[in-house]
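In the block that follows, a single chain appears as structure tokens, in the form predicted alone.
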Amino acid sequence: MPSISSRGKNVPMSPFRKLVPFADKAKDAGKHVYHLNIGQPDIETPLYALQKVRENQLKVLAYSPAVGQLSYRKKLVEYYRKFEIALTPDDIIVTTGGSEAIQFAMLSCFDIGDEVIVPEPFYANYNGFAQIGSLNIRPITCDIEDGFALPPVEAFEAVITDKTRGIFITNPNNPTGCFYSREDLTQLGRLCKAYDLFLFVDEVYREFCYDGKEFYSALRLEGLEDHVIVVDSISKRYSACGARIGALVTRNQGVLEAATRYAKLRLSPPGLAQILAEATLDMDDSYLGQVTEAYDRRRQVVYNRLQAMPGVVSYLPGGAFYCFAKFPLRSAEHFCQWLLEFFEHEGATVMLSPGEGFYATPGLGRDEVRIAYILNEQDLEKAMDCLEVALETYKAVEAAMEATPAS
């Protein structure tokens, strides 16, 4: 039998999906599973946008332009103007989700063996995209004790080599919820300009900033027009993860030309989903305002409950809808699987993402998890009840494991 490629054998497993078979078995057994493992919100997609898809009069669902419908890109220009970002439609390529934008960016900017510096923990799929592009991630480790704040710019400079081609951050951050300030971005921008590097910024969660924090886009950095590449998506903003509409945004003409060649190879982004995406930009800001307020309340629930759990280390995230937590245990991955296989509290359990998969440095994150606070407050309280009981119960499980001689 022909063998598959080494690339296929070694592709990293998604930490937020790897435990899905155990969750499915738990549900088959009658348990209710509170999903805090993945950024799939329970908030409804805007009815107005869904209705626009239903009302369309298309007789043929044809290919769109490879870079996306011009009418949508024009409306995106107006959307970005709200954040004091000046663009033209030609600066935007509509992609099949933010994931394709990441791939187009990496494939357009890196050669085999090149390096990109990424603060860790980071969005786990960057590992897979880097493998597809045969490039290497150079991690800069952040610390849970200070809420995973961005390390000083000197730490980035210290790992730059002749193979380094860029720095990649997510702001606000997935998986930590850390918010990066204008000053943070300015310092990274100066470093990228000094070393002639790309600055990639995933800005998918730009609307979700809390405690009066004002989002500042990397596209506003002066003198870095040829350095900055932004990844965007409607998935989280409008609770439309299944639409698969994202965008690659840059003023660098060489990157745009290269990314357009990749876009033409995959022909076009989803047609009906572009109708939905364009409709969201016809709405007023009330939907997003309500959604941001809802996530703010949810983060307070999770933060307050974690703070009350003995031995748990966490922090109040400044943006997005994620946080990390350090648990008093040896293996978060074993704990997360045990939750689904063996634990039950009032007929329910909780699904989390083990933290190790969000790091590039071996051994880090083994006692950490990512929590996505994407459920309503009532369900979040019940999920936290499960988690609190589970952590106490798991002490006996670890003690039994330690007492069992290795075979």
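For every residue, the number given is its place in the sequence shown, counted from 1. What you see is a predicted model; the values in this text were computed from it and never measured.
Omitted from view is the form predicted together with a further copy of the same chain, to which the following refers.
Quick check on this chain: which one of Leu76, Leu135, Leu219, Leu150 has a heavy atom within 4.5 Å of a further copy of the same chain in the model of the complex? Answer to the contact question: Leu135.
Consider the chain as shown here, without its partner, and state which of Cys142, Val291, Cys109, Ile92 has a heavy atom within 4.5 Å of a further copy of the same chain in the model of the complex. Among Cys142, Val291, Cys109, Ile92, a heavy atom within 4.5 Å of a further copy of the same chain in the model of the complex occurs only for Cys109.
Candidate site Pro310, Pro362 and Ala403: all three near a further copy of the same chain in the model of the complex by heavy atom within 4.5 Å: Zero of three within 4.5 Å in the model of the complex.
Within 4.5 Å of a further copy of the same chain in the model of the complex, counting heavy atoms only, one of 26 to 34, 39 to 47, 351 to 359, 367 to 375 shows up; tell me which. One stretch meets the cut-off, namely 39 to 47.
In the model of the complex, does Ala155 come within 4.5 Å of a further copy of the same chain, counting heavy atoms only? Heavy-atom contact with a further copy of the same chain at 4.5 Å: absent for Ala155.
Any chance Gly319 has a heavy atom within 4.5 Å of a further copy of the same chain in the model of the complex? Taking the distances in the model of the complex, the answer for Gly319 is no, it never comes within 4.5 Å of a further copy of the same chain.
Does any part of Met13 reach within 4.5 Å of a further copy of the same chain in the model of the complex? Heavy atoms only, please. Looking in the model of the complex, residue contacts with a further copy of the same chain include Met13, since a heavy atom lies within 4.5 Å.
Is Ala258 one of the residues lying within 4.5 Å of a further copy of the same chain in the model of the complex, judged by heavy atom distances? Judged by the heavy-atom cut-off of 4.5 Å, Ala258 is in contact with a further copy of the same chain in the model of the complex.
Going by heavy atoms, what in 39 to 63 lies within 4.5 angstroms of a further copy of the same chain in the model of the complex? Stretch hits, in order: Gly39, Gln40, Pro41, Asp42, Ile43, Glu44, Thr45, Leu50, Val53, Arg54, Asn56, Gln57, Leu58, Lys59, Val60, Leu61, Ala62, Tyr63.
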